[in-house]
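Quick setup: one chain, the form predicted on its own, written in structure tokens, and binding and motion questions come after.
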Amino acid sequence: MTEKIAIIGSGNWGSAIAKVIGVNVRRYPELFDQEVRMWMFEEDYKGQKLSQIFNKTHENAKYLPGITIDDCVVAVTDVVESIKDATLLVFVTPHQFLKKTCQQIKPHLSPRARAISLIKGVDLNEDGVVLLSDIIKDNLGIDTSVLMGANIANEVAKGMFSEATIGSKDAKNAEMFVKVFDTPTFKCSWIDDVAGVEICGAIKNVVALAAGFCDGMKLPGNTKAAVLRIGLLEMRAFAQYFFSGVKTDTFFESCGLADLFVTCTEGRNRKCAEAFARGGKSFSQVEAELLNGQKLQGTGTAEEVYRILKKKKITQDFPLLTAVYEISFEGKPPRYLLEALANQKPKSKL
């Protein structure tokens, strides 16, 4: 019996991963149903419906222009229709819509359904940090893996060599998801550390804001390198504080050091933070001007992370994450980052 894939989300990253999935659906016809439905939030684009443009041209003209996606991928504007008979659900929607989306699709799931989250972020409850994969797992009652890595969407879509890490607790499901995503130019491996992989994907966006502040202030490479190292240490400390069993080795996978590096050099969070640090514009203004309708993930994550650090009374142990929040939301100048890091407690090496 073949597996049927549904992609829940169709922005820049969702469309890029749809291209990867399309390649493997054609590559393994014995494994996968030859139609992939991609849920696309309907919107007008230059006087036409975006979904209609996609299904006619096989290109997401707004979020991933110039990239042709295999015609096995079909845009569907009804999320329930998109997951009909699907056994492999690929979540790549903004995390603020995740719970509502799960509630909509739960009554319509295939009994064989499993999920994987490509969403970068965290949620909070009264007890602490909540993994987005756990929101999917708990709301839908199905096994949920994660995929994170050094993946600039446009570069992946263009077939430039990249890697990604799949975190999964189920070896059989992990091996199937490797088949879904692994191509000669998009290499995927899996590890048994869902929390570590997912926290890397979330917190690196906050570190990228700090890297962008450095670029906006035209600070030298030494300074930015120090910010990345301190950021990696805080990513590890955060993950291991809130989740038992997180492995240090995870931070040397694509989801860790590699993703941190590319996000701090090429990613949208770095780009917007650089513009913010130059002065005169808020993050909302920068986002509107630079991201073509996409959303900035780092600021929302910074806010969520700071709230839980403050609640646990451990902000002093995370000077970089705390300073990024204070600069972004409390009006402190970008140069405050250097003051915060200069006063940090000595930390052990990885």
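Quick note: we count residues from 1 along the sequence shown, nothing fancier. For clarity, a rigid core is taken as the largest C-alpha set superposing within 1.5 Å between two forms. Note that the structure is predicted; figures quoted are calculated from it, not measured.
Separately, the form predicted in complex with another copy of the chain exists; it is not shown, and the next lines address it.
Q: Could you tell me which stretch in 90 to 98, 233 to 241, 131 to 139, 75 to 83 has residues with non-hydrogen atoms within 4.5 Å of another copy of the chain in the predicted complex?
A: Looking at the other structure, the answer is 233 to 241.
Q: Within 4.5 Å, heavy atoms only: does residue 2 come near another copy of the chain in the predicted complex?
A: Flag for residue 2 set to no.
Q: How about residue 226 - does it come within 4.5 Å of another copy of the chain in the predicted complex, if we only consider non-hydrogen atoms?
A: The answer is yes: residue 226 has a heavy atom within 4.5 Å of another copy of the chain.
Q: Is residue 112 close to another copy of the chain in the predicted complex, meaning a heavy atom pair under 4.5 Å apart or at it?
A: Close contact is absent here: in the predicted complex, residue 112 is far from another copy of the chain, nothing within 4.5 Å, heavy atoms only.
Q: Does residue 124 reach another copy of the chain in the predicted complex, with heavy atoms at most 4.5 Å apart?
A: No, residue 124 is distant from the partner.
Q: Going by heavy atom distances of 4.5 angstroms or less, which of 245, 280, 220, 107 would be at the interface with another copy of the chain in the predicted complex?
A: Flagged contact: 220.
Q: Can you pick the one in 195, 275, 102, 150 that has a heavy atom within 4.5 Å of another copy of the chain in the predicted complex?
A: Comparing distances to another copy of the chain in the predicted complex, the residue within 4.5 Å is 150.
Q: Note that another copy of the chain is not shown here; using its position in the predicted complex, name the residues of 61 to 87 with a heavy atom within 4.5 Å of it, in sequence order.
A: Going through 61 to 87 in order - heavy atoms within 4.5 Å of another copy of the chain in the predicted complex - there are no hits.
Q: Taking the rigid core as the reference frame, tell me whether residue 229 has a CA displacement of 2 angstroms or more between the shown form and the other one.
A: Residue 229: C-alpha displaced by 2 Å or more between the shown form and the other one.
Q: Has the Cα of residue 185 moved 2 Å or more between the shown form and the other one, judged after a core fit?
A: Where the cores coincide, residue 185 shows only a C-alpha shift between the shown form and the other one that is less than 2 Å.
Q: With both forms fit on the core, has residue 144 moved 2 Å or more by CA between the shown form and the other one?
A: It does not reach a 2 Å shift.
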